[in-house]
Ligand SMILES: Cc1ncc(C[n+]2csc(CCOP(=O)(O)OP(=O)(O)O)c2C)c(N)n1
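Before any questions on binding or motion, here is one chain by itself as structure tokens, the form predicted alone.
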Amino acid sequence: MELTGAQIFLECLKKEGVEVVFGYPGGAIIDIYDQLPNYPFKHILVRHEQGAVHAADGYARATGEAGVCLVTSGPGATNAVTGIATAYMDSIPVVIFTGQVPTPLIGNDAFQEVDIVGITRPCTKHNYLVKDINELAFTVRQAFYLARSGRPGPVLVDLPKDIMQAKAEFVWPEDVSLRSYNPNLTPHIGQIKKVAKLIEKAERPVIYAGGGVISSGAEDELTWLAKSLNIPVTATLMGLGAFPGDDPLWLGMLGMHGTYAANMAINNSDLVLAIGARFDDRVTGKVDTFAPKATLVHIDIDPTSIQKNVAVHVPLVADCKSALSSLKSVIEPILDQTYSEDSHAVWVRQVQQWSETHPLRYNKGGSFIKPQYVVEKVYEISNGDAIVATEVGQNQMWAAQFYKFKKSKSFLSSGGLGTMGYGLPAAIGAQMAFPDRLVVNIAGDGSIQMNIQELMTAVCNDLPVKIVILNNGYLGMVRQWQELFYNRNYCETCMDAQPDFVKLAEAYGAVGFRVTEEKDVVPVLTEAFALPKVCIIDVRVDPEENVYPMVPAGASLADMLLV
């Protein structure tokens, strides 16, 4: 029996196991929406297409599955671009379907026409324009395969209206392979043995974990390696949760706002094992001073990431889980003969001493609530079991520093692109995946207003996310740079003209709280977290509190500014 293109598309989603679609309808995509009630998907109607992609992204980060979103042509598609670029920079598997004008009108400046394939070519892993209904099912199959496999990433499929209305037999391609796409998952055993020898000889090794550990599911292998060999662990922003944040070997995040111990460990290490990380500039600081005494090993599934930013001594192209499993198979048989409980003990005592002498800290007391205190209380009240999304800026860094992420897939944040407005829709995506878990969005008063309209999405879908606004009345991170590097010229960063966040919450049907004194932080957070409703907790914090430590842009990790 022949089906329309819209029906074939939805049959494809069923075959891919899709349960949730985040979307926003429009004329070019209306044929799919016309058929949607006949299929078992849960559709979440967002209030802006950017929110749809961020929500699908948050769903993907929290579950490890591909997120799916559906938007219309023209402005619907271009509104999605920031979300697509956000997912691309952090290697998140999202499949974006965009409506398009009928194929005879493409290129004619038709109403709501835009070349979204051309626009998104630099920020997607791959993209497609479907011109033949007989290619539709295979294209959708390829899109999910590409998004999930190798180094994950967003894939876009553009769907012209006439293709959605045409008819054809539905033929599902069970197998998919692309001749020009063969990611190398398996490590070279010779390189694995070389890494094992380097670890054996190293006196001051450090593991530097990135988001690739989480996306490949290599957390257990990483933990085994660190604990069995007594090696300290640091991580990038995207790697938080890959190793337990309450373990004695945990150093905290490294880089611009990393801990003193993590940055000093990198600076004094004789072997850095970089696993699923890409040496971005927020991590390395001044590149030619990064890990000056160390042999660098880089394990990554993407060969183009290796040697891209930093020259490494031992490259190893492979899936992180596969590489660490192979490393374990080489080390485990000789573990008792080669290593003892005292292995690297002197080094571990040194880095722990750095942690003790220069812990993450802030000046307590005074008349203002400290934002770090609020994050600490969010951690304590949630027992460290919440899924925490963040916006971008100071709120993001304080969450990364003061919430001890014990499990992977519990920290959702825009790392590479640094997208303000990411947190709330990402929290909605995570809450959709895990309706019974506590999902908290830690926000700033500036960034929450970037996608505040998604409050309605949360409320009308009974997704009880909690939004903790660290309200300092500034675009805080920019203000901090202005204070430190631009002679306190606070040009256009003051946000004292604000909505009443409590009344705004109530206007959307949510519950609003305002906290102005430290003594009220714990009782209000406790009450809000217990409510089965969307809540905004507007906490008025110290307006000029800064994020420390801080490595000035372009400086070496040794040049940290401390509290």
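We number the residues from 1 along the sequence you see. Values in this document were obtained by computation on a predicted structure and should not be read as measured data.
Below, we turn to the form predicted together with the ligand, even though it does not appear here.
In the predicted bound form, the ligand sits within 4.5 Å of a heavy atom belonging to Asn472. Shown alone here, Gly384 lies farther than 4.5 Å from the ligand in the predicted bound form, counting heavy atoms only. Interface membership of Val478, defined by any non-hydrogen atom within 4.5 Å of the ligand in the predicted bound form, is confirmed. Taking the partner from elsewhere, Asp319 is found to have every heavy atom lying beyond 4.5 Å of the ligand in the predicted bound form.
Partner proximity in the predicted bound form, defined as non-hydrogen atoms within 4.5 angstroms of the ligand, places exactly one of 439-447, 115-123, 308-316, 168-176 at the interface: 439-447. None of Ile199, Val392, Ala147, Ile301 but one reaches within 4.5 angstroms of the ligand in the predicted bound form through a heavy atom, and that residue is Val392. In summary, among the residues Met420, Leu271, Met256, Ala261, the only one with a non-hydrogen atom within 4.5 Å of the ligand in the predicted bound form is Met420.
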